[in-house]
Structure formats: C-alpha cells, structure tokens
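The chain below stands alone and is given as structure tokens, in the form predicted alone.
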Amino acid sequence: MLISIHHRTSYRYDRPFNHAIQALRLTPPTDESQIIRSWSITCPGIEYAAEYQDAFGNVVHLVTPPGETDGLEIEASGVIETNDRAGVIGSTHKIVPPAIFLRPTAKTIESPAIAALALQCCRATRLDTLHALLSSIHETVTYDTDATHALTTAAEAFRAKRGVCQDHAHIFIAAAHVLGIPARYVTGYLLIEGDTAAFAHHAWAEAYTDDLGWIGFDAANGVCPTNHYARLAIGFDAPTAAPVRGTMRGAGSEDLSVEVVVRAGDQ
C-alpha cells in the first residue's frame, strides 16, 4: 500500500529567540515492513544540519535555525510503500542487542498492578504471552485523550485505566519487561479508513522473540500493525523516540501545534 504523509510542527513564542537546537527524528527507515518512495524535510537551517544515526538506528538531523525569530516550522512529507507482515518487523539495527530494550525508564517502570497483569498473561510461548498482553491492556485501559498528558507514566495511566496511544505503549513495554521480554517504543503514522487527518502521530510498542525478531503491538487499537502503519523512529519510550525534540534560548511562552495528514496513495 502507498501512504502519503505530511507532518507539520509549528512553534510560536511571545518574544524572539536567537538560538535553538532541534534534533529531528523525521526520517522513516526502510525495512521489511516498508520502503521509502520519497521523503523530504524542510526546516530553517536544515541544509547545514549535522546528520547521524543514533544508538537506536534512527536517522537524526541536528538543526540550528539561523538568525533571530519568534517561531519555527518543521515539515516532513513523502510517500511510503508498506507491506502487511502481521506486525513482524524481524531483525533491525543488529549492532544494538535486543537485551538493551529491557532497560526501564521513568515512563516505563512497572507498578505492582502492571506486574500482576503481566504475570496473568503468561502463556506457553512468548508470542502467545505477548498477544495476551495486547488483548488485556486494550480491554483494561480505555482510550481517552483527556485523561493523561506528555509526562504521564505507565504506572499512572494504568492506575487510571485511561490514556492515549503513548500510555498504552508505555504500559505494554513495562509489562513485557516484567516477563523479561525486550520491548521498545515506536512512533509513526496510521492510515485510518475514512479519516485522513490526525492531530498527532501514532505510537505503539514492539517486542522481541528469538524466532521472529521484533513484532509490533498496538494496544490502543488491540491489533498488530498492518500495512496501514508506517514506522518512523524507535526508542526506550516517548521522549527518546520523539520526532522533534530540542531547546530554545531566550524564548518566552510557547505555543505548539502539530498537524499530521495521512492519505492512501501517492497524493
């Protein structure tokens, strides 16, 4: 399937600033699940950006916008051809061993309640266990855009039994860690039938099995990713996989808007 994506991030401030550094993880990978047909990033200073691959294998552009300004706009767009592999990604970035993704962060530390859920989902095989986790979290945690915020942890969201895709992914990762299963956070895009636009990118988790490699699990929707999903970046949690992350010096209060438009086909 061809998926056309336009991702726009806009910052506005109440007073000008003259120095900023932005780390852009806005370059999707080509892997077993997708091929990048076209892609471009526009941002003030992008032509002078340092480009490197981080420890997770993400392509990063380190941008310092030139001159003084009271705003910043970053746009990424292109076409991705996706394949339906029932969520199976396989081996990616083999330099980093899967065991590194057993490391917890402040967002993915388990609570006693998450540990109890994880233990209840134990099955004969790791794959069956992961599917049980997927179903249990989806059924237990209601999708609610007003219940949590960017700083909410897995433990807090699970206690509230409400959250958004970020929270579902963090809970899944925390539960997988309880069972000794490597799991990581994924940001990306989701094409929803009959709905061409969203207010933010989507997020889900991937867990590792010895025979299949990395497999995606979207607990917010209760499914493994299909060809309607496009992967963007991976990390331990939402902050380490954030598409745009940076600092400004001298700026005042911030007004942030994010617009993501996802369409089927080469549009």
Partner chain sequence: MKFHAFNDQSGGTTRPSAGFDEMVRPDGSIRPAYQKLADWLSQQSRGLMAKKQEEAEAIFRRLGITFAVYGDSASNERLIPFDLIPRIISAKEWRFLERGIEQRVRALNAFLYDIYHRQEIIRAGRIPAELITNNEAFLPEMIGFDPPRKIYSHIIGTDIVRTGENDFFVLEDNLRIPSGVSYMLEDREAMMHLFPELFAAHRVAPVERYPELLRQTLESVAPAGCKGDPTIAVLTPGIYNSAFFEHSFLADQMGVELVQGSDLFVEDGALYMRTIAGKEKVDVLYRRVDDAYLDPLTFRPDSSLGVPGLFDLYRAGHVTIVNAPGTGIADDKAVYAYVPDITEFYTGQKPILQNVPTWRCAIKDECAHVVQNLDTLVVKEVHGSGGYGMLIGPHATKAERASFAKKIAAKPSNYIAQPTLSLSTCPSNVGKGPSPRHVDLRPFVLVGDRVRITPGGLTRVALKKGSLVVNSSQGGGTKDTWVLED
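Residue numbers count along the first chain shown, from 1. Every value quoted in this text rests on a predicted model; they were computed, and no experiment measured them.
The same protein also has a form predicted in complex with the partner chain, omitted here; what follows describes it.
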{"item": "Candidate site Thr105, Leu127 and Gly180: all three near the partner chain in the model of the complex by heavy atom within 4.5 Å", "value": "no"}
{"item": "Close approach of Ile35 to the partner chain in the model of the complex, 4.5 Å, heavy atom", "value": "no"}
{"item": "Leu256, heavy atom within 4.5 angstroms of the partner chain in the model of the complex", "value": "no"}
{"item": "Exercise: Asp31 in contact with the partner chain in the model of the complex, heavy atom 4.5 Å", "value": "no"}
{"item": "In the model of the complex, Val60 touching the partner chain (heavy atom, 4.5 Å)", "value": "yes"}
{"item": "Candidate stretches 221 to 229, 52 to 60, 206 to 214, 35 to 43, one within 4.5 Å of the partner chain in the model of the complex by heavy atom", "value": "52 to 60"}
{"item": "Stretch 96 to 121: residues contacting the partner chain in the model of the complex, 4.5 Å heavy atom cut-off", "value": "Val96, Pro97, Ala99, Ile100, Arg103"}
